[in-house]
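Take a look at this single chain, the form predicted alone, given in structure tokens.
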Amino acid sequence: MYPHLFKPLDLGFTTLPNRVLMGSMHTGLEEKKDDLRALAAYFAARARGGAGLMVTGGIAPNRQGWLAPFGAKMTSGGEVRKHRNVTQAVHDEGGKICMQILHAGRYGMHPFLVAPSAIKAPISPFKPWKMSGRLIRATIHDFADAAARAREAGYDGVEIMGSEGYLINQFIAPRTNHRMDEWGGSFDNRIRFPLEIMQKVREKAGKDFIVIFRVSMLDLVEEGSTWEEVEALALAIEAAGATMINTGIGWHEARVPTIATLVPRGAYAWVTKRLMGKLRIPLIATNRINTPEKAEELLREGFADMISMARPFLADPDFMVKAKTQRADEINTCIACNQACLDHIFRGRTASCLVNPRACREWELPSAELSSSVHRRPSTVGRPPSTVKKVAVVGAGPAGLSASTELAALGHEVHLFEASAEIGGQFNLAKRIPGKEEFYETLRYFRKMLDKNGVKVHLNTRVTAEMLQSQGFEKVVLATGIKPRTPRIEGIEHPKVLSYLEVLQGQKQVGAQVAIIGAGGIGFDVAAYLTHEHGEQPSVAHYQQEWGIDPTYTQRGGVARPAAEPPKRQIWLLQRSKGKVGEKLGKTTGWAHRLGLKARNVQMWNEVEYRRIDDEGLHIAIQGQEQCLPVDHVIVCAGQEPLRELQEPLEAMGIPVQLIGGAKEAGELDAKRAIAEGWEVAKGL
């Protein structure tokens, strides 16, 4: 079905079985004090799942290159021995793996970080020390030494991280390199550092060793590289001995989203395509490529020689084996939410995945859970639970879907009851939000898993405790979700007041002047929904225009002036509390949601006191100043309350009940927690 995707790639001294690179992701497992056994299990599962080549998270070549204090590095024989656990596990599964060498430069989160110039990064609290010529030479040696140690540890190659605004990229770009010595000033001087690293790595690691160089092909910051410089650097890197060149997109300080769900699929492949035909070595395209269909399309149409997919393998380790065995409809698709991967890492937690809570916990799992049914080890294939139970799951939202599919996969008799006509719960609202269309994929996956695992689904069925008792259920999982909370505001029953459910389900028409009460995730989603045309499909061209990306690449860094389409509504997004509006949104995506709404003239106000709602509009006070917003409608997004009416009568009947998802804890709706709790129910039973 995917002939280009599964075409082997001959690198001369070795051949890759397909055209997919599992790109680098930092998971937090790199720093575990377990001799990297958890990291080994993590990569072994993905090697078993068919990734053609994998790359680790960033490993520093010295202490100054740490992302954070005591971060992962490759500088000693002891570290070599630990990494052998990783490479051995991968090779035992028939896979290949490269170690990424990453020097954070001014992006480090520690006081002894260094950079080509003493220019503080907006994402680090520390100002870097300017590197001396002697330190630059020593750092080049450290990169080469780390590559040699990687080979000693059993890695099949290394990836040199030259993009995303890290140290190498900081030397290349005028934005961060203000030196006037042999390492700065002219373009030839600015690229001397990456070229000497590439040359020394090749010399020390040997010719029969994969060396991927990740070039920043689109910086998306002012005073970044020009396209002519990118092309010249790529040619020079090839001449210095690189095996492949990977595409890097955007610096971490760029104000353009590059991997969030609002980015269209394959939105940056055009950058890689500009370089195709200019080099003899393979080129790798990356960013927001999450299905085998999209990867096949890009390869077929000549955008790249290979496709990098990182988080899709976090979501589904068996991505490639499912595609190869004509089971692509069983792939648990990455929705690019960032909630459990990047958000966890930036908060100092181990990464996981919203749609796959097993991710990064492979070391803890019994072998039957490590992969899909066709890849389970023979001793566990089809093994039934010690006691088969008849279980009712009430509510087919994210929590209920997770619990029912996991319980049925273990062999229990599972009945899923849903009061509405379709599965999905709050996901059916989320998929309507512009930029969140990937939720359609999650629902497609769950439909397939319900069918595959034999869950008996009962739609349009509102259950009672008596009904569940009469049918002999031994356990009931309540995933009944939430109901919107109604705040105590005078006039809250006024006809111009709508709930977010009425709006997102299309039950009510919304006027041109709108106030949204509540600036959590739902409030932001409603604002996005109301400032876009209904049915509007995200396109790469529209995305580029809205976020200021120059597809002609005539400006340094490929940046242009953003030009969002003027909205047809005036919207006020209001919150009671102090602090930044939307402060509790995802750490790595909240800024993009705020910028997107700001570009559409949404007014975001905090410390709002709600007085009353009447024919004139919404009466409020801000810092003691009374005013009236002359709105047509007031949309309430002021939190939720759990729905758990069945709990008490069921427990009174002696039937064990477990609450999960919104029924357990409403608060801000949390699909990550809901899906994880569904999995935990199955583990516990």
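No experiment lies behind these values; they were computed from the predicted model shown. Residue indices: 1-based, along the sequence shown.
Form predicted in complex with ligand FAD: not shown, discussed below.
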- Message: I'd like to know whether residue 399 contacts ligand FAD in the predicted bound form, with contact meaning heavy atoms within 4.5 angstroms.
- Response: yes
query: Would residue 363 show up as a contact with ligand FAD in the predicted bound form if we use heavy atoms at 4.5 Å?
result: no
inquiry  = Contact with ligand FAD in the predicted bound form for residue 395, defined as at least one heavy atom pair within 4.5 Å: yes or no?
reply    = yes
query = With the cut-off set at 4.5 Å between non-hydrogen atoms, does residue 482 touch ligand FAD in the predicted bound form?
reply = yes
Only hit among 439, 193, 473, 166 for heavy atom within 4.5 Å of ligand FAD in the predicted bound form is 439
Heavy atom within 4.5 Å of ligand FAD in the predicted bound form, from candidates 433, 279, 540, 530, belongs to 433
- Message: Taking ligand FAD in the predicted bound form, would 75, 140 and 283 all count as contacting it (heavy atom within 4.5 Å)?
- Response: no
Within 4.5 Å of ligand FAD in the predicted bound form, heavy atom basis, the matching stretch of 558 to 566, 411 to 419, 209 to 217, 105 to 113 is 411 to 419
Of the residues spanning 511 to 525, the ones with some heavy atom within 4.5 Å of ligand FAD in the predicted bound form are 522, 525
